[in-house]
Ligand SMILES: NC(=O)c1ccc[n+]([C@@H]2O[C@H](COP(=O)([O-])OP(=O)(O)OC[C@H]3O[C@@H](n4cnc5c(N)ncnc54)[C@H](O)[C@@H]3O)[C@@H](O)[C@H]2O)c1
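Only one chain is given next, in structure tokens, and it is the form predicted on its own.
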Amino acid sequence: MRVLVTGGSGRLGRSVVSVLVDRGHQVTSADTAPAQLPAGVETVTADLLDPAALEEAFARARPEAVVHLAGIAVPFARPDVETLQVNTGLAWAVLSAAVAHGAHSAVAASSPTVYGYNTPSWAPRYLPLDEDHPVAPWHAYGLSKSIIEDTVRALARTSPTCVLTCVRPGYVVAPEEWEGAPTQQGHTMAERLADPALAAVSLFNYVDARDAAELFALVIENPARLRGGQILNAMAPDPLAPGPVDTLLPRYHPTTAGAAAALADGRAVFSSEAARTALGWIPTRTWREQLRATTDQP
């Protein structure tokens, strides 16, 4: 299948491109920055907010499916207005182009930040957090991702031939980051595990980039199993903590105390059950396995 991946040079994008190539797809990667990608991948260096560059990328790729990852990838990395404009503008441009160019499926990357945690007043209605839980973003990045989800739903309402969906990858860990390379917050994964305050910022969630990439592949390979506008969480099934987080979570997020007991069995704060049910996605790379090869973690 011909697949266009936007943001293919990024932390998640590199793994998505590699997984799609390994599964036999013909991949075109479009990004503002070049990167070392697998042999046979066609690369397009372009700003897809430029209508002419967007049209050229689609004309070259002739995609049957689109994986949209491009955008500002970290909260507070750029001014708020720029984050909103870039992320929402790219989503509308790329996803509407996917429909116009006849792709049968298109999936965009959202984020668990849409839930709105890390404010003094945020309290989950229940745990673990699934796709039915209300969202309440409070910063520009989370709001941009919530708007991307609404964009997917809006386009899905009028697209009878293209199945548009969203995936919410958790804290993405690239393969080299298990080996000590800095993560998106500047510290290592071993440091993130050793200091609970670091992992608490994202409610102890994580996902290996390769596992997340496999879900994106399953989404575009199986559009008939999904409904237009569907949202899927994509996190590892265990928290990034040495044990259950039922007591650890309220220490850093006191408003979760009433719901945290549901995590006493070792489950993660987020549920990805919908992805398993719809597509059989089961993430297999856990921090215990990945860190054991390079650290003395138990």
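Don't overthink the numbering: it's just position in the shown sequence, from 1. These numbers were taken from a predicted model, which means no experiment stands behind them.
Although not depicted, the form predicted together with the ligand is the subject of the following passage.
Residues within 4.5 angstroms of the ligand in the predicted complex, judged by any non-hydrogen atom, belong to 43-51 and to none of the other stretches in 263-271, 58-66, 239-247, 43-51. Residue contact check for Y171: one or more of its heavy atoms lie within 4.5 Å of the ligand in the predicted complex. When the ligand is considered in the predicted complex, L90 lines it closely, a heavy atom lying within 4.5 Å. When contacts are judged by a 4.5 Å heavy atom cut-off, A106 does not count as touching the ligand in the predicted complex. By the criterion of a heavy atom within 4.5 Å, P283 is excluded from the residues contacting the ligand in the predicted complex. Proximity to the ligand in the predicted complex, taken as a non-hydrogen atom within 4.5 angstroms, holds for one residue of Y141, Y115, F204, W178, which is Y141.
Not one of P128, N233 and A257 is positioned with any heavy atom within 4.5 Å of the ligand in the predicted complex.
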